[in-house]
Every structure is written in C-alpha cells, then in structure tokens.
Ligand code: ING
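Shown here is one chain on its own, the form predicted on its own, set out as structure tokens.
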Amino acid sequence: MSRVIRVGAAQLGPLQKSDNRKVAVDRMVALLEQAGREGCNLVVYPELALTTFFPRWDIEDPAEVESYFEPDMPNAAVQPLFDRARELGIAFYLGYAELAKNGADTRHFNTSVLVGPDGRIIGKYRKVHLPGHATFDPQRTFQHLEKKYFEPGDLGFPVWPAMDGLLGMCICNDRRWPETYRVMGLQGVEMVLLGFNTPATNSQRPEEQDELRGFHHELSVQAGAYQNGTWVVAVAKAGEEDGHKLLGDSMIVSPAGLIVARTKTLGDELAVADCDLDDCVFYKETVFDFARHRRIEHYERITKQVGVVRPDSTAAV
C-alpha cells in the first residue's frame, strides 16, 4: 500500500516590521486555500512565520522584544489558520517565536509545531543550533542576534507517528548540521519538516552572496535527505524585509537527495509534490541500513567533544 503525502511547501514573501499578525495569517490562509485546491494534505510554512526576522536588530526595549513572541499557540491571531486547516483537513508545520511560561519562569525559544488535520498540535520542536551572536557586533554588516533572543532548544530531535509515517522537525540552521538528520534517522524518520529565514548575504563575509548561500542550503538539505533515506521539506520566508534580503529556494527533496519541487520567486508561492514515504525503504535497507553498517565504537568523539582538539604534532602517525 502506497503511503503518499501530497505536500505543499508554502513559502512566504517578506514580512515587514510594520506588518501585524493578521497580515501574516491572512497570507498563510490564502496559501492553505491554494493547497486545498491542489489536493495537499500537508502544508509547511517557514521559520518565524508570523513576524519579520527580528534578530537582525539589536533591540533594547524588553516590551518590544516580547511583542514578537507568542505566549500561547494557537492564540486569537493564529486561530483562523488552525480553524481553516481543520475545515480543509490539512495538517501543517508552523514556525514562531515561543514565550514559554512555567510559573515565574519565562523562557524564549525559536519553535515549530506540527498540527494534525484535526487542528490539534501533534508535536513541538525547539531550535537547537542557534546561529549568530549574543551581543551587538559592529564588525557585521547587519546583526544576527538569535543567541540574544532565544535559548537553545531543550526537546531534542523527536519523531512523531503521523499521517501513516514518521515525521520530524527542525529549523533553519539545524539543516546545516548532520547530527540533526542522523538523530531523527536513527528513529526511522521518513519526512523532515524544516522552516528557515536565511539572509541572502553573509553578515561577516559580504562577498558571499545568494548564489553561494543557495548552494550551501541545497547541499545541506540534499545530503541530509540522502544520508538518512528521508524526505525533507525546506520552506523559506524570502525576499526583502525592511531592506534586508532573505534567500528563497524553498524545496522538497526526495530520499534519493533529488529536488522534486521548488519555488521560483521570492514571494508567496506554493511548491507541491507527491511524497511516497515508501520511497524511503530502499535507502534505509541498503546503503544506509544503520543496523548493518554503522560502527559506533568509532564515533565516541562526536558526543564527548564540542570544539576542535588537534592531535599532538609529535604523535606517531
């Protein structure tokens, strides 16, 4: 029996600082409606889909910072998206800034949720690999202050049984780290949902522009898909936000590492593909049959060491 998920990669164009939640949600609902007309049963939205990419600014006013975070999900502003998705019977992935409260304790995460076709949240993920820096850096052409506004995720990389398969989530910079995919791969993941907001220029290396940035993006996603025998759906918030350009190139990648659908613009756009989860089986049972081929006795350094430790130059080869 074929296990096909018809996926809509729902790229968003820019959200300006002046845009409120309603602007974002109305545009997401419009993409959801299109996905419904095209027969999709899963839609993937970008990272921080409800606001502009605020970590590009060094904001000192705590109230302004808090205005970008969601204390509840869903909330009144986002409820129309949940309601319409439930009416259409479409599951979705949504990235947002989460204000997590536990009594007097308040924490801030870059978060995504997987919502089932019944409108209920199936799972939550909090971004683990935060890029950038924690304090203002005058040497950068623009700021990337995720380490100032968020703390690293504390939920790991879980995988959820959903839609007759095993689905996982990650966010933006996570896609560049092979450990992200492998931890999910070791749980049998069959589709990784991934939202991102990636600047089209490197703030520390201005000569690194969108062509090379796009290549690194594609390389990371295609390698993660192939090396773990899984589908990956990577979806951008793209275009020029408040004078800062974001990469587009939202795409759906097969377990063979092939790009089977992608966006062509930097605006609101839906890329659609039929993703048969059974396509994962060949790779999981042959070249990436972990049980047969992995040699964990040689991988200890990966979990015991963070930074680079160079070998003693006098040691024998």
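Don't overthink the numbering: it's just position in the shown sequence, from 1. On a predicted model such as this, the values are computed, not experimentally measured, just so you know.
The protein also exists as the form predicted in complex with D-[(amino)carbonyl]phenylalanine (ING); that form is not presented, and the subsequent description refers to it.
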Considering non-hydrogen atoms and a 4.5 Å limit, which listed residue (Arg84, His244, Arg126, Arg213) is close to D-[(amino)carbonyl]phenylalanine (ING) in the model of the complex?
Arg213
Which of these residues, Arg176, His133, Arg182, His108, gets a heavy atom within 4.5 Å of D-[(amino)carbonyl]phenylalanine (ING) in the model of the complex?
Arg176
For D-[(amino)carbonyl]phenylalanine (ING), considered in the model of the complex: do all three of Val7, Gly165 and Glu190 come within 4.5 Å of it, counting heavy atoms only?
no
Please name which of the stretches 142 to 150, 112 to 120, 73 to 81, 95 to 103 has residues with heavy atoms lying within 4.5 Å of D-[(amino)carbonyl]phenylalanine (ING) in the model of the complex.
142 to 150
Taking any heavy atom pair closer than or equal to 4.5 Å as contact, tell me whether Cys172 reaches D-[(amino)carbonyl]phenylalanine (ING) in the model of the complex.
yes
Contact between Thr198 and D-[(amino)carbonyl]phenylalanine (ING) in the model of the complex at 4.5 Å, heavy atoms?
yes
Check whether Asp249 has any heavy atom within 4.5 Å of a heavy atom of D-[(amino)carbonyl]phenylalanine (ING) in the model of the complex, and answer yes or no.
no
If we check D-[(amino)carbonyl]phenylalanine (ING) in the model of the complex, which of the residues in 32 to 57 reach within 4.5 angstroms of it by a non-hydrogen atom?
Glu47, Phe53
